[in-house]
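Below, in structure tokens: the form predicted on its own, a single chain.
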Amino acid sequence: MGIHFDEKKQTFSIDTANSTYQFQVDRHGFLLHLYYGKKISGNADYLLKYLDRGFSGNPACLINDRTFSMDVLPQELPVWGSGDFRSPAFVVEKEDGTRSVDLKYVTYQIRKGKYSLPGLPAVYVSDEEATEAETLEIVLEDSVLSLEVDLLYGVLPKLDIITRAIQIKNKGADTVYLDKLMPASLDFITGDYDLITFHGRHTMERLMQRVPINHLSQRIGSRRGASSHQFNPMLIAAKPETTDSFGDCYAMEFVYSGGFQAEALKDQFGTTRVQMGLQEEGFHYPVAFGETFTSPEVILSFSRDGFDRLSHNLHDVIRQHICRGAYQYQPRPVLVNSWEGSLCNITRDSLLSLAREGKEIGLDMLVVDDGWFGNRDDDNTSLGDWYANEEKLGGSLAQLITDVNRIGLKFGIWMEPEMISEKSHLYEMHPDWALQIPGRIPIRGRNQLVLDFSRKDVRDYIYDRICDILDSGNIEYLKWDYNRSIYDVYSEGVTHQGRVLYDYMLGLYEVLEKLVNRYPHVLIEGCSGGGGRYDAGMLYYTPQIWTSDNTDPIDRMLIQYGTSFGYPASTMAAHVSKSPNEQTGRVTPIQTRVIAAMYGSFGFELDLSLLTKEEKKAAGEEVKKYHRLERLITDGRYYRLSDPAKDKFCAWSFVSRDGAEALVNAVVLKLQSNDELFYVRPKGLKPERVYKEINTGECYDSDLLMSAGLPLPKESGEHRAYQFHFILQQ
């Protein structure tokens, strides 16, 4: 395993436990992609064929060689201006508007450890793991532009993970503008592939979609200034026959929380190109003499054993090498959030009552959501005025925190630091701090504007206000929300507005990094109207994210199913809410709501006083159960056992790493009279062994369970849910 360079053939091979990634410096100094897939020992350069193809131009350095064209060859970094008319990964513009890049290989370096990216989230390794991880740096140069482009490859061989990022260094006198930058671009010379993406909308995020990659450009992305509810910055390219348990598949996952785009297309000669990087609309980033631009990175992984293994690779790298801090591995508090129970209409009495109800059923934390600050009685005012409303809280925030702690619960709080209301003291003092175009009435979302986090004075002010709040008492959790898209991009004092959105994200990451370092004991949960910014970039700072504003357990089956392809259960915040559900009006049993919420980081989001005595007793037992099972759920191997978009039930399981314990969950989605029996087939159990189901005491042959399955009880009543806890018998 590791990175190897064949001097004779000028070929780089990156070997992980089960994959090989290979590319070559050709005789003209171009970097040509050769292979990515199952681990190999040979050199794949024989796959390259040189033919005269009509209307495919030839590089200037070749003069009369018509058999060589970048329009046909697979490349490591396809650029605009090389004669390649397919989708470029790198577009540079000069002051005069011309676009042309001619990159040639200069040198390389292989070093131990994983590279880091200044000001950006990235996969990291500990000092102990640095001897196993490696970095490959390839230096390319355009001599006319005096532009150096460094390709960075990070390798975590045991996890079958390769990362890619790019640094652009301007060594010339003239400023250049980056108009497109895709840190990861893969060319598959042959074969048919499906494209799997995760689309959606607010309250229905990350719905899986699978379509063939054809002779057309298939593009997803976000122009919203955030990774978005509409598309997730993660995709899979898979052979048509690939399933959860079988077949070749490749993942790309962007470690970035702003606008992105990804594209897949099959070209005129059958080569498939898949790319991921920054959203190009609105991106026109100046790089002056002596400056360096650093891109976010893309996580790559390959599995020849289907989507389960691919998901395990991604889960491991996210949990072990993206998430950080005290809550990376330790149990998360089981909390109750005030939002669905009270909205903005909180009072001291209602909050303390909710805390007492929570303590009664064994919860760990009360989270005070919206309505505690400024004149915030609804969502039309006061964002930016981060001062406790002592009249509403019946005293200081510090006193409320103390009283909640005395009841026996930890205290958490909600904030939306990136936003500003026009009805606020902050806006009266600093209207220029909001992103809005001079001379135009701003487009509003949720009747609020976005603070300009590309400005240092804005960042410093908001950071200080957050610190004042967190320092006011024993606050152990911060829910960081973001409830609109960015429309009007203009920052005062900036010459080139094409840099603002990217600088905004760098500014956000700067504030989050300072908070993580100053408050290592505080669990920060990310949120953007639920799952509108659910990405690896945010997980670097917030180890869990509110999966969706939709808490309906049946809808959550689809949402959490799609999320599971790229993100571990430990990152999914999932809560039990009231019935009928606030978003859908659907009526579901308390057991179903509990099992659906045990998909990830568990909690409650309702007025607990509305539960019946029997429901409170059941909820208390489920809280105890979750505390017993939390390690299995957050650190066990996750398996999808059905497809909720097609099947009448949704089933999933968590299996301990040693195979000694498994939790199998199932929710019935559709019920018909005199229906067939539903069989759930567990995965990941040890073969030829016996497992005991601890609720019934029955023992089962593991191979029979995995082959024939376990029948779900035949019961009347909609949306029943079941949970089976298996223990390996010695």
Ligand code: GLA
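Just so it is clear, the structure is predicted and the values come from calculations on it, not from any experiment. Position 1 is the first residue in the sequence shown; the rest follow in order.
Not on display, but discussed next: the form predicted together with the named molecule.
Contact check for residue 546: a non-hydrogen atom falls within 4.5 Å of the named molecule in the model of the complex. The closest heavy atom approach of residue 491 to the named molecule in the model of the complex falls outside 4.5 Å.
Using a 4.5 angstroms threshold between heavy atoms, residue 339 counts as touching the named molecule in the model of the complex. In the model of the complex, the named molecule sits within 4.5 Å of a heavy atom belonging to residue 414. Only one segment in the set 613 to 621, 424 to 432, 479 to 487, 165 to 173 has any non-hydrogen atom within 4.5 angstroms of the named molecule in the model of the complex, and it is 479 to 487.
Of the listed positions (650, 559, 404, 527), a single one reaches within 4.5 angstroms of the named molecule by any non-hydrogen atom in the model of the complex, namely 527. None of 134, 369, 150, 357 but one reaches within 4.5 angstroms of the named molecule in the model of the complex through a heavy atom, and that residue is 369. Contacts of stretch 438 to 452 with the named molecule in the model of the complex, defined by any heavy atom lying within 4.5 Å, are made by 446 alone.
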